[in-house]
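As a starting point, one isolated chain is supplied in structure tokens, in the form predicted on its own.
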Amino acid sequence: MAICYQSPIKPISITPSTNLSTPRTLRCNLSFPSKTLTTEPEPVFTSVKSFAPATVANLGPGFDFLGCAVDGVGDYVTLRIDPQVHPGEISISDISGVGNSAKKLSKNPLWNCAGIAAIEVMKMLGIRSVGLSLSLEKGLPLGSGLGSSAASAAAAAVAVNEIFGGKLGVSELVLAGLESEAKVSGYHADNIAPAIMGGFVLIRSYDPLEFIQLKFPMEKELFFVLVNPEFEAPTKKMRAVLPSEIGMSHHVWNCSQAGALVASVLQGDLRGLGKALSSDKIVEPRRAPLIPGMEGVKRAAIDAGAFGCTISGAGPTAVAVTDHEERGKEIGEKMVEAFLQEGNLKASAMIKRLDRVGARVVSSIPR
């Protein structure tokens, strides 16, 4: 268990769980301003490069409280000590990557998800003596439903923390990323928590923030079939179609499916996971009609042997699960065909494993 109280007076206390086979609960009290360290740390690196993975949020019935990280695709941040930047501030020097990221994303750190998260970590650390320059490399397209903003925020938060010696724990990094998410796409942690922590994460509470890491068995194989059509689904637009009220029967159904999904993750039961993943009766029915061909894509995935299929996050990416990579390729082909036939959309498929690590530093230059 890790507990962080964001008090302006007392430093945080982190005590990692010693039993890695059990779910890990992390709690953060959000009642106080962001400042956790009383002494400004010295930088231990002149430059670090970090990576944060894509994420699949909601997982069907787990709207805003379940998510997982996906291996092999994500965003990179390169951060360096820059004497040209005013002490205590951060500058975004470059944005590159897939799609139209460089054109659509602002280099103003106050309006960029990586910049916002970096600033929050600097506040937590009390950085006032050095300036930082940040370069963002987008591996995830914008508005894809794969946690693009969370990946940038997670990579930036980890990079700033590591360049000053890794003083902050997971809870504080999630808080910094959540501040970014709140300004960019909404106050929800089901992307940012798994992007930083890896694996499956359950958001137990938002006030105070509490999240539980769910351990998927190491000996089990899990493959995600991610099919991304050439169609942008902005998170704010996709949230606007959600119902303000739901009936009791749908509430009971979705709660039971979310519980079954969590149990399936802990047991490594992919058939149960897929069945629950496909069973949302509240969010998916409202969003699927906005994604051309989505209903046909889901049918095609199940018919091709997927254990389950749903919308990844706010969409438009469709995600299916299987236990075999080659079968995943076949499922992906059928889903791509369905997007073209049913929705007149070109699409591409990726077969990816569960990312069990989360955001991490991939290279560094000592000071």
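Quick note: we count residues from 1 along the sequence shown, nothing fancier. The structure presented is a predicted model; accordingly, all values stated were derived computationally and were not measured.
There is also a form predicted together with another copy of the chain; it is not shown, and the following applies to it.
- Please name which of the stretches 110-118, 249-257, 97-105, 130-138 has residues with heavy atoms lying within 4.5 Å of another copy of the chain in the model of the complex. Going through the listed ranges, the match is 249-257.
- Query: Honest question, do D71, Y76 and I351 all end up within 4.5 Å of another copy of the chain in the model of the complex by heavy atom distance?
  - Reply: Negative, none of the three is within 4.5 Å.
- Query: Closest heavy atom of T235 to another copy of the chain in the model of the complex, within 4.5 Å or not?
  - Reply: T235: no contact with another copy of the chain in the model of the complex.
- Message: Using a 4.5 angstroms cut-off on non-hydrogen atoms, would S264 count as touching another copy of the chain in the model of the complex?
- Response: Within the cut-off, so yes.
- Could you confirm whether V85 comes within 4.5 Å of another copy of the chain in the model of the complex, counting heavy atoms only? Output for V85 is no: heavy atoms all beyond 4.5 Å of another copy of the chain.
- Hey, in the model of the complex, does M124 get a heavy atom within 4.5 angstroms of another copy of the chain? So M124 does not count as contacting another copy of the chain.
- Item | Proximity to another copy of the chain in the model of the complex, single hit among L242, L142, A182, L290 (heavy atom within 4.5 Å) | After the contact test, the surviving option is L242.
- Can you name the residues of 183-211 that have a heavy atom within 4.5 Å of another copy of the chain in the model of the complex? Result: L202, I203, R204, S205, E210.
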